[in-house]
Ligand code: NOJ
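Shown below, as structure tokens, is a lone chain in the form predicted alone; questions about how it binds or moves come after it.
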Amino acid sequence: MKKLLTLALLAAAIEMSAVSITSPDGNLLLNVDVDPQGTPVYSLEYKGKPVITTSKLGLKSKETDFTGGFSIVATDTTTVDRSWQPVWGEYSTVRDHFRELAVDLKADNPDRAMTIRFRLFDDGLGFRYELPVQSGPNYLTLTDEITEFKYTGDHTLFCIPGDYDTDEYLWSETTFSGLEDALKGYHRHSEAQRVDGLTIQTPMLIKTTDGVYVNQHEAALDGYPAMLLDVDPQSYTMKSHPVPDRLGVRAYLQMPFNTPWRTLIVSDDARDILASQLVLNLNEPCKIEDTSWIKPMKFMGVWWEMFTGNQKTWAYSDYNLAKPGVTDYTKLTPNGRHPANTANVKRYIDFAAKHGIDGVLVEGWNEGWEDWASFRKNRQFLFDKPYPDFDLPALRDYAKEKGVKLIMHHETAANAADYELQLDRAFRFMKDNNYDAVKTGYVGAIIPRSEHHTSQWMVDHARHVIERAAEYQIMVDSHEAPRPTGLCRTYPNWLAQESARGGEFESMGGNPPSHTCILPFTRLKGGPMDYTPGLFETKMSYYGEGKDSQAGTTLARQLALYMTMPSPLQMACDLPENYERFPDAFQFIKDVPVDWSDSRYLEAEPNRYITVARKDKNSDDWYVGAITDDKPRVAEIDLGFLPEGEYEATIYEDAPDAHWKDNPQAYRIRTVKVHPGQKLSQKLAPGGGAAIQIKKIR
């Protein structure tokens, strides 16, 4: 009897330790507990059905583990409902409405304390580990994170392979059981380190067998490595895999410390995944007091002509600077294929000024590009030393006279350590010469050589660059950087990132039409992408090698991407002469905004199609973008979002015989009267799209 009573009391104590909260609308239910080994666990339900079954939580380190032996000593719940105004984005106001549960955990032998903080929104869950000052050592050499996500079945996965150094992959649509075969089809990038085993990257998307969509990612990545996911297809389980340095250490932490948030965006409506602002809401408010200098913009660039097979080069000379004693660029013989020269840049400035394009990016303007093989050994660019054929003072003054902003390019060749040494000098040089935006790049293996593109050191480096740029009032577009996690809310001068397979790959074999139908569900949930839309000439030579490349798009679809791939920094990527061939279509690129006050996702299915309407922040105009995969479809566009009145819609659409491969430049433009509540049936060609400008006329 005594033994039975003891067991009953123990069972009661375990039951009492569990705690639950629901989302504000009641659709999501979160349960938190500790298992018999004292390991924190959680589960998540959506509309009464499990999404995540009981999954473990915790951190491991060389010094001590925060994984077991815990008991719940206190809980605290609160409800928050507030709003904030982004400097730029898809909405002029974002609602931040959640219920929070803080679970305080205590363990003995050794003595440890940890809080796990959960925030449950109507559209998903975020949680993080908070490590207060301990009674023992207050530093951790992190070796692993055991955070689990146990799903309920053989769901559909939209994912790319785990890699410490690149995100530039095409997406697989597979299942837990088919993941191993899907990952076998990928080619390893030359200087990237793919992860052995079944490991994938975030952000990723799941569609459950019950038709529930789950975007899985992280928010507020700071002082910690980026997260990959190890997958066990037999148990349908994913486990956090923080990117290590080359010594195998995940992170060096000093307490008190908060990890990034682990995020799950959940809905049975795919449109809700696209509309979710959950990742942004989990980031800290803007830390820049005066944001008046942060200006969303469209730009062109001396860039695409180096990709399209005409043998143009970023380098001024073909001479091998690795030879001893050669340092004076004025004594080198120009190769005649260097487009970052004064006359050519003036041509771009003239075109931008004529057509109302805000800025011109120039790549290859500075010393350090000579001999790519040598450059990979020495890896140093000089960010205040123009080439002899790039008259910076003259171009600076010419651009200012024309009302065009020049955009700096800082390619570091992944020598991040050297870039930090030059950073202040480079930013001062920019400001002295009227540059207030920079595109950074990190192509190659990272220096320090013990680091990866997404390890802790590089995450810290990216944050350092953004903070220093903010002090100089410089906007940043970063390429080959750790994938975004919503920090653009905290630092809105971080206008865009690449961190995925972008439009440049249209010249390197092409992107399939489905590629931009999945990116908004995955990569873009962390922040805007510099995808570089606006490609009008879709057939080209392959990256200077004379091979044919076919872009996976029609011309009309390229116009739609300005809405379906929203970014405050949008490129008109093609050559001026190609826009001059299609001036009526180019008019849409001139007109389309890059900053919005409202967005309405009208139709969506991942990897298949997206239709979205957006309202210009600076006028009453609405814009609609619709894209499809390689199959034709009819987009049903409900104009119920329009306020009362009469409107005129200018429709840029695929011609009846358009096809992304066979007839990509076939388009037509028509103008029709429309009214609120009207439904438009818009035909989209295979790999095609439509872009619509709607103006109120009465």
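This is a predicted model, so every value here is computed, not measured. Residue numbers here begin at 1 and follow the sequence given.
Just so it is clear, the following notes concern the form predicted together with this ligand, a form of the same protein that is not shown.
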- Note: this ligand not shown here; in the model of the complex, the stretch from 218-226, 154-162, 301-309, 383-391 having heavy atoms within 4.5 Å of it is 301-309
- Task: Report the residue, out of Trp494, Trp622, Trp314, Tyr435, that has at least one non-hydrogen atom within 4.5 angstroms of this ligand in the model of the complex.
- Result: Trp314
- Tell me, out of Glu480, Asp574, Asp123, Glu370, which residue has a non-hydrogen atom within 4.5 angstroms of this ligand in the model of the complex. Glu480
- Report yes if any heavy atom of Glu504 sits within 4.5 Å of a heavy atom of this ligand in the model of the complex; otherwise report no. yes
- Task: Flag His409 as yes or no: does it have a non-hydrogen atom within 4.5 angstroms of any non-hydrogen atom of this ligand in the model of the complex?
- Result: yes
- Message: Whether Glu145 contacts this ligand in the model of the complex should be assessed with a 4.5 Å heavy atom distance threshold; does it?
- Response: no
- Message: Whether Glu363 contacts this ligand in the model of the complex should be assessed with a 4.5 Å heavy atom distance threshold; does it?
- Response: yes
- Contacts with this ligand in the model of the complex - residues in 482-498 whose heavy atoms fall within 4.5 Å: Glu498
